[in-house]
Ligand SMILES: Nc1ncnc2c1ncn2[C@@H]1O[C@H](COP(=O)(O)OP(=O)(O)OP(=O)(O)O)[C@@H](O)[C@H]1O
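Just one chain is shown here, as structure tokens, and it is the form predicted on its own.
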């Protein structure tokens, strides 16, 4: 298995700095997602690792050794793209074996490897079919099979599920996770889909404007964003301004809120707290701390979830409620903000 390390990686296109000093370590056998909006530099980073782009500065190491001087075809990397890039005139088995045939491998060994990988990607019996006879999910599995059959030391995936419908994406996420764990191939997965990153990755790197702004476990990124921009991108749209009354208490316009987290900022500092919409409880009774009154301003039903917009003074919050209760627009409710789900970062 291969450990991937990126040190101070920079890529400039003329005056534009697309990647700005990225540092990243992907442990051997793990799956890391690079997550961010379009144009943030994640695909450019992937292309530099593959050798398709030359870095302007920095280094890329496989198991501690630089690969900058090694051409793409010698890096033993498997690439899976957004577009499947299958040969339409070749059968599935011919598509899968293409790389092995280009290497001049013995026919018996090619047949053995293809049969093995077809079983792994659950496409036994599809060997003689052509890409046009396959579903989108099956075509993507052929593309993955063509990649893993060469036994790459590193697999790079560039938004491979974005062309699939919602149901197929969900199925393929589960398939890729199981496959990667089974084969133990170190994998870097590029996506702009937060749910995809959270479900697939062991760790996530969030990128904005060429910079890696936060790196951590899915739980870290989801529940403990480093700044308001990451919080907003991950869907934690509720931002509450205030100042630290103490290390475990936040003073806000809706009153004092208890904190489970102990912020690094000094007492009296201006901060912003965030809490995800699904971590706010709606009820009609006062039960304990971190509660305040609010009015229901909007209520939209989304099949098992009701999305509410509530207002308390000047503070507007989004709430996602999975209970069977229904609150009407204009109804007064009590909001409860669980302290373990309140996360604080500096105002600026």
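Since the structure is predicted, the reported quantities are computational estimates derived from the model, not experimental observations. Numbering follows the first chain given and starts at 1.
Not pictured, yet referred to below: the form predicted together with the named molecule.
Engineer: Which is the contacting stretch out of 58 to 66, 310 to 318, 35 to 43, 281 to 289, given heavy atoms within 4.5 Å of the named molecule in the predicted complex?
Structural biologist: Contact-bearing stretch, as computed: 35 to 43.
Engineer: State yes or no: in the predicted complex, is some non-hydrogen atom of residue 196 no more than 4.5 angstroms from a non-hydrogen atom of the named molecule?
Structural biologist: Residue 196: no contact with the named molecule in the predicted complex.
Engineer: Within 4.5 Å, heavy atoms only: does residue 173 come near the named molecule in the predicted complex?
Structural biologist: Residue 173 lies outside the contact set for the named molecule.
Engineer: Just to confirm, residue 202 within 4.5 Å of the named molecule in the predicted complex by heavy atoms?
Structural biologist: Flag for residue 202 set to no.
Engineer: Please check if residue 333 has a heavy atom lying within 4.5 Å of any heavy atom of the named molecule in the predicted complex.
Structural biologist: Flag for residue 333 set to no.
Engineer: Can you pick out, from 169, 276, 192, 224, the residue that has a heavy atom within 4.5 Å of the named molecule in the predicted complex?
Structural biologist: Checked against the cut-off, the match is 192.
Engineer: Give a yes or no on whether every one of 13, 18 and 159 sits within 4.5 angstroms of the named molecule in the predicted complex by heavy atom.
Structural biologist: Yes, all three are in contact.
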